[in-house]
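Coming up is one lone chain in structure tokens, specifically the form predicted on its own.
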Amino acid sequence: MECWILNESLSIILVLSWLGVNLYLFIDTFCWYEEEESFLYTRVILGSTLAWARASAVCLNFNCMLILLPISRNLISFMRGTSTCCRGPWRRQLDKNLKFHKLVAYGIAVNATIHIVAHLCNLQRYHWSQSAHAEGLLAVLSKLGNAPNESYLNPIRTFHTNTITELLTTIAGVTGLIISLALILIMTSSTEFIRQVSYELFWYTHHVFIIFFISLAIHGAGRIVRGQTPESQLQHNVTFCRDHYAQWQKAAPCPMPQFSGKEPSAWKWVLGPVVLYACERIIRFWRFQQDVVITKVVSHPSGVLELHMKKRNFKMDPGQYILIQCPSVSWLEWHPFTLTSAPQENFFSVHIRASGDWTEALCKAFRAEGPAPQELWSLPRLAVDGPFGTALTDVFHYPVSVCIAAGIGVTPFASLLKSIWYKSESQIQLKLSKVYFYWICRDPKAFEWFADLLLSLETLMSERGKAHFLSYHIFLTGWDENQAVHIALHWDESTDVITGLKQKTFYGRPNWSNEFRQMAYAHPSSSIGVFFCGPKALSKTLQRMCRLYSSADPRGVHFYYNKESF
């Protein structure tokens, strides 16, 4: 527990700060509406549900202001590149942008639920106050607005009014319904199950947020919840007149109170982030117009397509990713792919596995499973946005780094290992002194394209006298009987039968407890960065290992977990 608090202390502080601001806004607004004299007569009709509705509305506006910031990729990349404000732990917080985005989304859902329930209660209270059972001040307030020169307080004008019909004929009612439906659609389609089954469904429904924000901005324009005007307060002493409602208009101190709706404020909260996000889309559109030249297409086993591309003024760092759009497949969809090339190469590349409708259509368009096209100019056009930074760009910032990949999750590490190769060849001094590389894969054919890179790196490090610099461990988790026989027959050879490397392939899954224990023993007082790209279940295991084997002593070994997420 102590190790977890030590590693996640900044994250805990930021989450508690977010919760604290939400709590402060809620309590402060709640108390204001419970005590403010201009809403005293409104409280006579609505009771405390007025404060519940308004307090949750302020928190809803606050979270809607934050929700777009974590997905502003260019902003986050800019902040990552600003070393003066984003070092060490702060950079790791930027890598948790999607987690914060989800956290804020939960905050929106909770406050929206409170807001909806409170206003449904308000609607019923408005309706009941027009009934024959209402009496006293409540009845007088509800009847205001029937005579000339009076302003109404109760938007439900008669008891026979259908509240549902009334709700759907107001700006607040219609926009509230649209906001609720949009939020339900966005939240339900964002579940992990939906994203795995149909990423396209998640992508399209998520863009309902445009309708959500437009409706939110005009939601308060109807001004249904009304309070006493400042001018009326000066003439109408609420404290005295509330007990003398029978004498209103008759007694000089108690002229008829006048009411008006509160000005809408949601647009003020969200205007800045919406403008910022609009700039993000303008940048994407500008990059969409830039030409991308495809220089090479390679079809690998296991349904993996390799694309080499060139683009004017394209600069990258190891571990970054890009967004790709193929207009011939879809005019709207952009999908993220990690770069597998190194900055020192005169092209940039991605490896794409066919694992969904869009990727399968893309591989088919590039004839990944058939004969290669004779002319590159005949290939479909691609648009590229980025590159954008991720946690993996911090590999070189640790003295010891552990890179763990599962399946196609090896792609970001291709760029990192290539960059290490080029820097070692140029004899550039690195802060990084040791790299542990683990790759867990179920298909032996998937090793083919990556084994060449490991072989060249293995050879170079041996020639430089740095054979200890890279320790790699490849684990095969799936094989058939024929493969097992072939492996057994060639087990005594100097090179591995599957990869051709000196390091033999392991069969089965790693014992992570033993692996982390050995690394902790080998580097007793080091900061070790653990970088992972792969499935969620393994991510949880590795995160637990980092907490378990980090020392509570600040001078001891510490594992810092970083997961690839885009």
Partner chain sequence: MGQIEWAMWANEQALASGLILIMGGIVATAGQFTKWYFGVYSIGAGVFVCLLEYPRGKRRKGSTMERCGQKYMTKVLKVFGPLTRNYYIRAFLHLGLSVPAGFLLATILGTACLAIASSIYLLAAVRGEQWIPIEPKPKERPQVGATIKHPPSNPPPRPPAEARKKPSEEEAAGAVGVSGGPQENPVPVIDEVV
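Positions refer to the first chain, counted from 1. Predicted model only: the values in this text are computed from it and were never measured.
If you look for the form predicted in complex with its partner chain, you will not find it shown, but the lines that follow are about it.
- Leu177 is the sole member of Ala221, Ile283, Val110, Leu177 with a non-hydrogen atom within 4.5 Å of its partner chain in the predicted bound form.
- Checked against its partner chain in the predicted bound form, the residues Gln124, Thr459, Ser131, Gln344 give one hit for a heavy atom within 4.5 Å, which is Gln124.
- With its partner chain left out of view, the stretch that reaches within 4.5 Å of it through heavy atoms in the predicted bound form is, among 202-210, 414-422, 275-283, 429-437, 202-210.
- When its partner chain is considered in the predicted bound form, Ser378 lies well away from it, no heavy atom lying within 4.5 Å.
- In the predicted bound form, Thr169 stays away from its partner chain, with no heavy atom inside 4.5 Å.
- In the predicted bound form, Trp331 stays away from its partner chain, with no heavy atom inside 4.5 Å.
- Put simply, Ser189 is close to its partner chain in the predicted bound form: some heavy atom of it is within 4.5 Å.
- With contact defined as any non-hydrogen atom lying within 4.5 angstroms of its partner chain in the predicted bound form, Asp357 is the only contacting residue in 328-363.
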